[in-house]
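In the form predicted on its own, a lone chain appears below as structure tokens.
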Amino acid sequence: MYNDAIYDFVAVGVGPFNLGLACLSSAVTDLRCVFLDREEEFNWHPGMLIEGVTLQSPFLADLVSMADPTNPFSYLNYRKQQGSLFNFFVRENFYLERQEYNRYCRWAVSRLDNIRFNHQIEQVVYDPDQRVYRVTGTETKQNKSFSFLAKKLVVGVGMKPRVPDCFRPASRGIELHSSRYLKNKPELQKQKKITVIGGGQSGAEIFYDLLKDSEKFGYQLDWVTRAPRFFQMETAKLTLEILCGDYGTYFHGLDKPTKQKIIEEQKSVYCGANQSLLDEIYDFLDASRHSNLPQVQLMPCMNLINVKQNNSDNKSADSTNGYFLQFAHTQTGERYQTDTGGVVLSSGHLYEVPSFMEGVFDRIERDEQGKYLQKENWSVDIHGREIFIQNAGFESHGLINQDLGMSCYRNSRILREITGQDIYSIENRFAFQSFEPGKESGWNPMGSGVPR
């Protein structure tokens, strides 16, 4: 299946970011683009589509509205087409359930004719004669080779589950990650004891989901975090201004050590859980004090340092199958061990440069660890206008990289770079606060305290 037509761009990966780009691109006349994904269909984090769980961004952070609120792919139009806009109006809830957001994205996919699923990308190379990129791979449903030519690339492949180093030698290592939670849930609930490791949003969602069923199934439940407390994410309005283009521009201009320091300082903005969810957990525990709820323990300050599989045939009656977990208390230094039958690693995700990009490494700028060096326009190629990366810019652009609400801003910028036109006008000023005083502020620099 070789296509000799030259596309303006080929996009690899169809998650919410590239799907939003597909929706915004669909209204651009004479723009030829195709979107490729290895999965059989769209499903966003299917292992975490827990019933009743909501997004952390309001519905306006849909695929298109923050770039073009009149776009037919908006969430409001989706509700209108479903005949449920009035219900949404009456409900007065700005935060969508994750399952509903997934249904909305699948609706958008169904209305686009340039998305190709079952396309496993194997290699990207540059053809200097035609000055195009060739994207090749296998169409897995029919087991046929394919090839696409494009002037530019937009790569938006998903992030990989982060597994603690001490868990990698253990069997099923990555299978214990929260991204597989719903798949593993029936087996987990057969255990005598389950341990959820990680105090962030996904850890809180999983813990609460298991907590509500613990009396029914009779398992003990531990929730463990190395943080000094189970804390809520900061959501003050002025705090959330760091999720805007102004701050992204400021952050991109800082040096690497300063960025790393800032990211660590901002953990309370992106590593905690929703206040409403933490309150629900507390209220449930309080209401269950006089019920037959099995033992539940919440353990802050516990850093996982080692894990061993419990393969002994001579277990005590109270012992569980599964794992011996060893922790160090982050404040006292004391070490502890506990055994557990089931584990959920809510340990986040990390970005790895996909292997299919090796064929264009000579055209990509990377640091000493092999990570992309992204320019402010999200390009990584040596010319700064050909290869764009959607979701690898946490270290270069800060928190705006992973925020659904900022995806329209990024996609508008990428489309401007690809087409040379400001199709979706970008607001020049977002924030009330100034992250670095400008000339008009009356604050005159006296010398740089931070190397640039």
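Each residue number is its position in the shown sequence, starting from 1. Everything numeric in this text was worked out from a predicted model, so none of it was measured.
Keep in mind that the form predicted in complex with a small molecule is not shown, yet the notes after this line are about it.
*Asks:* Can you pick the one in Gln232, Asn184, Asn77, Gln120 that has a heavy atom within 4.5 Å of the small molecule in the model of the complex?
*Replies:* So the residue touching the small molecule in the model of the complex, by this definition, is Gln120.
*Asks:* I need to confirm a contact call. Of Arg106, Lys308, Lys371, His349, which residue comes within 4.5 Å of the small molecule in the model of the complex, counting heavy atoms only?
*Replies:* Only one listed residue qualifies here, and that residue is His349.
*Asks:* Quick check for you: of 413-421, 24-32, 65-73, 396-404, which stretch puts a non-hydrogen atom within 4.5 Å of the small molecule in the model of the complex?
*Replies:* Correct option: 396-404.
*Asks:* Phe9 near the small molecule in the model of the complex, any heavy atom under 4.5 Å?
*Replies:* No, no contact at 4.5 Å.
*Asks:* Would Gly158 sit within 4.5 Å of the small molecule in the model of the complex, counting heavy atoms only?
*Replies:* Within the cut-off, so yes.
*Asks:* Quick one: is Ile387 in contact with the small molecule in the model of the complex, heavy atoms, 4.5 Å cut-off?
*Replies:* Answer no; every heavy atom of Ile387 is more than 4.5 Å from the small molecule in the model of the complex.
*Asks:* Considering only heavy atoms, tell me if Arg98 and the small molecule come within 4.5 Å of each other in the model of the complex.
*Replies:* Heavy-atom contact with the small molecule at 4.5 Å: present for Arg98.
*Asks:* Does each of Lys193, Tyr208 and Lys216 have at least one heavy atom within 4.5 Å of the small molecule in the model of the complex?
*Replies:* So, no: the whole triplet misses the small molecule.
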